[in-house]
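A lone chain, given as structure tokens: the form predicted on its own.
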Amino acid sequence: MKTGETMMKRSLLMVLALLGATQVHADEVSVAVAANFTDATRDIIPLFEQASGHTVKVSFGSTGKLYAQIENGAPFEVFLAADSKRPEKAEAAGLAVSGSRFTYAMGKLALWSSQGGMWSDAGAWLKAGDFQKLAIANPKTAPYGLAAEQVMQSLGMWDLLQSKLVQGDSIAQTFQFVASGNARAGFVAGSQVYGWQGDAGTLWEIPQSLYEPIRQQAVLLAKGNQHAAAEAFLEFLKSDAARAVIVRYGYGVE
């Protein structure tokens, strides 16, 4: 057996012990997940289910829209946001369990085109504006959209590029605009590019000095309080097995 496979197996066994290998009752946990974390979540879920015996029901969407659903009584038990603002707000409003919030990933923003050779200097390419559509997630509901706005503000191009912008409801829709060629390029999550199976295209990994840190935080919602499956899922998210997946998709971890 390869060394990497052995280490992963040992990690899973340790997590299994941590979560309680002698569980009598397996249950389902309902998790709301920010769209940028879709691919990573799909890799993490089977590892969690194997380790815990619990199952996961997951809903993906923009952080702002998921939070609105939580405010309106959606039956989510765990919230994986793309920022720290909404989990903090959930705690303050009594919608989440105080003290359960933590940063599970540090997001990274990228400018990406599905076409190769689009630029050698991304800043100069943006300033020239020789394109019709530039995709961005809605800054009001999607933290990666807000980060993209901050980048353009930092570069002094926000006003210049207004007529070119096409907004996605979530970072997932924004990525699809670019992947399909409906937008020449777009501000997307770096993790989406890592998970992309098509041609490499053209990528600018945006310096993090140009936007505020994207601290993606998880929190146990009130509906998941004292629910073993919900608590186990959050605990698993801190495990070496989960963190290995998170890092593989290009996120930072604290």
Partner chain sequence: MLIDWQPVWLTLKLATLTTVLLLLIGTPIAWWLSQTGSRFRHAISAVVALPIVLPPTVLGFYLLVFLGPHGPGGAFTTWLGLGTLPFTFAGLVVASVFYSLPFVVQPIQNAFEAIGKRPLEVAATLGAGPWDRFFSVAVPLARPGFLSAMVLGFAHTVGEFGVVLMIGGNIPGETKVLSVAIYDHVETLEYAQAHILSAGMVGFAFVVLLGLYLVNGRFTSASARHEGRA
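Numbering follows the first chain given and starts at 1. Note that the structure is a prediction, hence the values are computed from the model and not measured.
Missing here is the form predicted together with the partner chain; even so, the following discussion is about that form.
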Taking 39, 42 and 45 together, does each of them reach the partner chain in the predicted bound form with some heavy atom inside 4.5 Å? no
So which of 58 to 66, 208 to 216, 186 to 194, 224 to 232 is the stretch with heavy atoms within 4.5 Å of the partner chain in the predicted bound form? 58 to 66
If you check 100, 138, 103, 150 against the partner chain in the predicted bound form, which one has a heavy atom within 4.5 Å? 138
Which one of 88, 121, 130, 71 is close to the partner chain in the predicted bound form, taking close to mean a heavy atom within 4.5 Å? 71
Can you tell me if residue 166 lies within 4.5 angstroms of the partner chain in the predicted bound form, counting non-hydrogen atoms only? yes
Would residue 182 show up as a contact with the partner chain in the predicted bound form if we use heavy atoms at 4.5 Å? yes
Contact test in the predicted bound form: residue 112 vs the partner chain, heavy atoms, 4.5 Å: no
Wondering, does residue 84 line up within 4.5 Å of the partner chain in the predicted bound form on heavy atoms? no
